[in-house]
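To begin, one chain is listed below as structure tokens, in the form predicted on its own.
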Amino acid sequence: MRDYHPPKNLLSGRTILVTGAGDGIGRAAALAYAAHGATLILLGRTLAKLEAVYDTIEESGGAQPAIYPLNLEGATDHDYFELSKVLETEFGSLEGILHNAAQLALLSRIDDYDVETWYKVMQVNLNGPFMLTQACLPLLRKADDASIIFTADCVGRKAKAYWGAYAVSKFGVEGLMQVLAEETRDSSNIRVNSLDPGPTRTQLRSLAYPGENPESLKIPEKAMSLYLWLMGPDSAGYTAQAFDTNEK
């Protein structure tokens, strides 16, 4: 799907929630979705970054987005259900969620991995997407066509040493995706998939590979074809699939 050319109105009339929307892949996806007609809910922990994305969307002529600051590290199920209530009041339904926010924290042997850090990473990368999805499922079911994208990583599909909680959380994300896809396959309008963007010029990547030349990596905008295809109606019928940006 790297050569996919989405129509300009691909996401017209759709409301899409993007987590980690302040920078990196989340920012690029939010801008791409807005450029193709969607109304965006920008969720993240840094208000200034979300406001910058908001301004860029408005300056580009996109539909007025909404900002929802939330630190996933400390968010509870109550926070997510409060979010769903706000979204229901403001938008009525939800046509898509891109689970993009993630935390790496550190690379370490399991022998030495700090338990508190383990909990924090799992909270952001796995527990948060579960709670957010659960809270928003009624809104997704109200849509005529809805898509949930979980952001994957190759270390969550084939393990590598020292990736600790990050890798385990990404394995969990793949499992969550598959379970939810099977539960919704025949009974709703929701499709559920995971997408590994591959090596991309992001803050998380620079933390994991501090000696790597960032100029050797693709910028987030180069990965957007597949993000658009999966979020839009052209991917109808695809569910429970593990995609990556090397897919043709």
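All figures in this text were calculated on a predicted structure; none of them were measured in a lab. Residue positions are given as counts along the sequence shown, with the first one as 1.
Although it is not shown, the form predicted in complex with a small molecule is what the next lines describe.
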Can you work out whether N100 and the small molecule are in contact in the predicted bound form, taking contact to mean some heavy atom pair no more than 4.5 Å apart? yes
Taking any heavy atom pair closer than or equal to 4.5 Å as contact, tell me whether K222 reaches the small molecule in the predicted bound form. no
So in the predicted bound form, is the small molecule close enough to L11 to count as touching (4.5 Å, heavy atoms)? no
May I ask you to state whether M131 is within 4.5 Å of the small molecule in the predicted bound form, using heavy atom distances? no
Work out which of T202, T184, N193, T39 lies within 4.5 Å of the small molecule in the predicted bound form, going by heavy atoms. T202
Based on heavy atom distances of 4.5 Å or less, which listed stretch (107 to 115, 88 to 96, 134 to 142, 67 to 75) is in contact with the small molecule in the predicted bound form? 67 to 75
